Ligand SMILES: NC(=O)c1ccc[n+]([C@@H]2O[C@H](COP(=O)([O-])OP(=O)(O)OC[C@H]3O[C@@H](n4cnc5c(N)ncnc54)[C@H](O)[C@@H]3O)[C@@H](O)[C@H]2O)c1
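Next up: a single chain in structure tokens, the form predicted alone.
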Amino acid sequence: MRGLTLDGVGVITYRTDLPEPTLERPSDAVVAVRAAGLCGSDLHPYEGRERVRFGVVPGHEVVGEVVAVGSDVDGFDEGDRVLMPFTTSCGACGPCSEDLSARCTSGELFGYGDPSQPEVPALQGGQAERVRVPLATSTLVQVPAGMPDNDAVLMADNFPTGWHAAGQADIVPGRPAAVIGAGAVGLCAVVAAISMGAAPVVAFDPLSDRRDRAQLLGARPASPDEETTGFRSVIEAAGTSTAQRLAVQRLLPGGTLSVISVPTSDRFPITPIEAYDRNLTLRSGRAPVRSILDYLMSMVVAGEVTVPGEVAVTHPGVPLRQGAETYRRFASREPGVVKAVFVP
């Protein structure tokens, strides 16, 4: 099988000899990948900012076609077009029952192997021709007819993550909100904040092309050094200490900071004294994508909200054999590169 592996810091390998995924449990499905996103969090281990097990197929945003189902799988058949959120979930444990699917007690992250537990098999990711999906009944989601693959890839992670970020920012209709970082998640958060009634939504990013994309979605663009009035709702979607510090500086007393980016530092750039003195609320954590998807998908199908695939996905249809170069360009923050989608 063809696919990519992360073989060291800064080392992506295109391979043609990967083992084929099989049904290991009755609850498994195997999906033939049609499109797989390159997410900002894929860069963390690539850049050495997060410890992982090397030799694993990366990628946790997948749209594809079911090619095999286990005997315990309900609701999915061979030939179904589906998307795969970035974590598996059982749909029945305590966290899942409380709409916190990202913390499912049986959940696994696609494309990740715990380096501290080498005896536990890694769950291979989706930047390959096929992928095994555990807990398929409660993990997979049918893709509506007519939804473009690029939009469906965003629905596997970035769009519900941006939606969750806006939801935990205490947005009040008619009041301004800020988004720090106009990458794919930030752009999705712009759409979500506007949909929730924030006005205006100000998008901060050091790259002018990303600010331009945020403006296309209805935000007011701003460079990080621009003086602006404070906000009661700020979404941090860049994942750096610098961005988090900017977010704190833009908050009014009594405001809420929603940190949705995956942190790689060991502390927030704010002291307990600062938080106390300004009556700040800080919310963070992995987005429960599967818990959000059914509701959010129904809104998309009804035309109540639009997935920003045409704006956020700057590099669609990238062949897997160009994986190493695409990772390099994405990691260099090359202007014009926001979101890449691989195809086998």
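Computed from a prediction, not measured in an experiment: that's the story for all the values here. Residue numbers here begin at 1 and follow the sequence given.
The same protein has a further form, the form predicted in complex with the named molecule, not shown here; the description that follows concerns it.
**Student:** Choose one stretch from 66-74, 307-315, 51-59, 35-43: the one whose residues place a heavy atom within 4.5 angstroms of the named molecule in the predicted bound form.
**Tutor:** Looking at the partner contacts, the answer comes out as 35-43.
**Student:** Within 4.5 Å, heavy atoms only: does Ala287 come near the named molecule in the predicted bound form?
**Tutor:** Answer yes; at least one heavy atom of Ala287 falls within 4.5 Å of the named molecule in the predicted bound form.
**Student:** At 4.5 Å between heavy atoms, is Gly126 in contact with the named molecule in the predicted bound form?
**Tutor:** Flag for Gly126 set to no.
**Student:** Taking any heavy atom pair closer than or equal to 4.5 Å as contact, tell me whether Gly107 reaches the named molecule in the predicted bound form.
**Tutor:** Output for Gly107 is no: heavy atoms all beyond 4.5 Å of the named molecule.
**Student:** When the contact criterion is heavy atoms within 4.5 Å, does Pro206 count as touching the named molecule in the predicted bound form?
**Tutor:** Close contact exists here: in the predicted bound form, Pro206 approaches the named molecule to within 4.5 Å, heavy atoms only.
**Student:** Could you spot which one of Ile270, Val262, Leu217, Leu100 gets a heavy atom to within 4.5 Å of the named molecule in the predicted bound form?
**Tutor:** For this set of options, the contacting one is Val262.
**Student:** Here the chain is shown alone; which of Val133, Leu83, Ala182, Leu154 has a heavy atom within 4.5 Å of the named molecule in the predicted bound form?
**Tutor:** Contact residue from the list: Ala182.
**Student:** Note that the named molecule is not shown here; using its position in the predicted bound form, name the residues of 316-333 with a heavy atom within 4.5 Å of it, in sequence order.
**Tutor:** If the 4.5 Å heavy-atom criterion is applied to the named molecule in the predicted bound form, 316-333 yields Phe330, Arg333.
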